[in-house]
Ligand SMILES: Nc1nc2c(c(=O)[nH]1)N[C@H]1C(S)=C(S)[C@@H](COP(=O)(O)O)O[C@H]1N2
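One chain comes next, on its own, written as structure tokens: the form predicted alone.
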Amino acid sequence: MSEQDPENKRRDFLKSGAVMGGFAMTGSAAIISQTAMAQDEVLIPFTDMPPDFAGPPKTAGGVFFQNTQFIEDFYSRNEDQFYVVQHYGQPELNTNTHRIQVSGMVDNPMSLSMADIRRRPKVEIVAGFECGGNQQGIYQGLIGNALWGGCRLRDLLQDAGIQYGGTEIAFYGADRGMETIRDTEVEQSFGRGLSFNEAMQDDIILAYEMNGEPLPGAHGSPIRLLVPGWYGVTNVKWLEQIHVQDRRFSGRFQARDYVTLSRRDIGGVERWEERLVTKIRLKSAITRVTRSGNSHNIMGFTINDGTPLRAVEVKIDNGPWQRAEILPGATRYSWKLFSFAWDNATPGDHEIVSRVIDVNGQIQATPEELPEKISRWENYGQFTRTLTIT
């Protein structure tokens, strides 16, 4: 295959239809035209948001989030839209020499080069996810949606031959930092673990491509774990080791951090419970309102763990819930972008809010319905926006 300019390759990818992870993807060009603002569209500013709001500049080792008012594509651009969170900085790995070790309770320990990984059957899946700390204070900017390409984790683990009693799969990145544990300073790698049953799901991949391009450095080059339907912290970047063991993985970013502390009724007893941040909770958010002539349009996104959705609804002021349109082309694990035609919008101040309902009848919670919690993780409550129509 001849080399192609990356931007031309990306444009060709966005125009094409594809089948990703067993889910048909159609009409991607239509998706782009529906989410990009038309020439005659005017952005209506939110009054709950500073007019000059902007996220931090994108720097190696830093945090980056997008201004969700300007979601233009179904796919978040690698370079300036898909969010980035890095806990131990951004290691620079050599794709030609990097190896992934498969160790522990396996019959066939492995040391795989990227060439070995690329020789394995390639699968592609669209998956969107957000940071476990995404929230309204940054207007839901820690989020993104992309097409990921790589090899299926389950097949690799089967080839390694997990031994009896191997119940936990630990994933370690090449990013490292110093931690103080009981007054002792030690170096630790970023790591997360999945149970055997979780890791053997057929939609989990070791990703080396993002939106038709080699995985960028900020997103884990040359290879990362991709667990669709889970919060971003699970998707270990700069992957260097997969270790099978007989006990639960415990580390800062699974046992001591990214843990939701909330009050729950447990068998009739009120208790403070610590719960791992794992699968994405049912969520929607309004991100943009525009005017074209005398017409107004409301747009936003929904995201969850892959459970099919029944409806997305929008409420204006104290009016009834009204059904929004989920834009075409969404797949099981992608974000779902939605649109609502706001007819006869009256001048003055308004409150607007969205909610999403899945096929099981679960409804996105209001802030009042959320469990009492202390930690900043899992902010999935309905997100009310305010604006003024002139």
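Numbers follow the displayed sequence, beginning with 1. Since the model is a prediction, treat every value here as computed from it, not as a measurement.
What comes next is about the form predicted in complex with the named molecule, which does not appear here.
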Quick one: find which of 168 to 176, 110 to 118, 196 to 204, 261 to 269 has residues within 4.5 Å of the named molecule in the model of the complex by heavy atom distance.
168 to 176
Heavy atom of Leu156 within 4.5 Å of the named molecule in the model of the complex
no
Residue contact check: Arg281 to the named molecule in the model of the complex, 4.5 Å heavy atom:
no
4.5 angstroms heavy atom contact with the named molecule in the model of the complex for Tyr83:
yes
Is His296 one of the residues lying within 4.5 Å of the named molecule in the model of the complex, judged by heavy atom distances?
no
The named molecule isn't shown here, but in the model of the complex which of Tyr75, Phe190, Tyr208, Phe301 has a heavy atom within 4.5 Å of it?
Phe190
Residue (of Ile242, Ile71, Val312, Cys131) lying close to the named molecule in the model of the complex, criterion heavy atoms within 4.5 Å
Cys131
Considering only 206 to 238, what residues come within 4.5 Å of the named molecule in the model of the complex, judged by heavy atoms?
Ala218, His219, Arg224, Gly232, Val233, Asn235, Val236, Lys237, Trp238
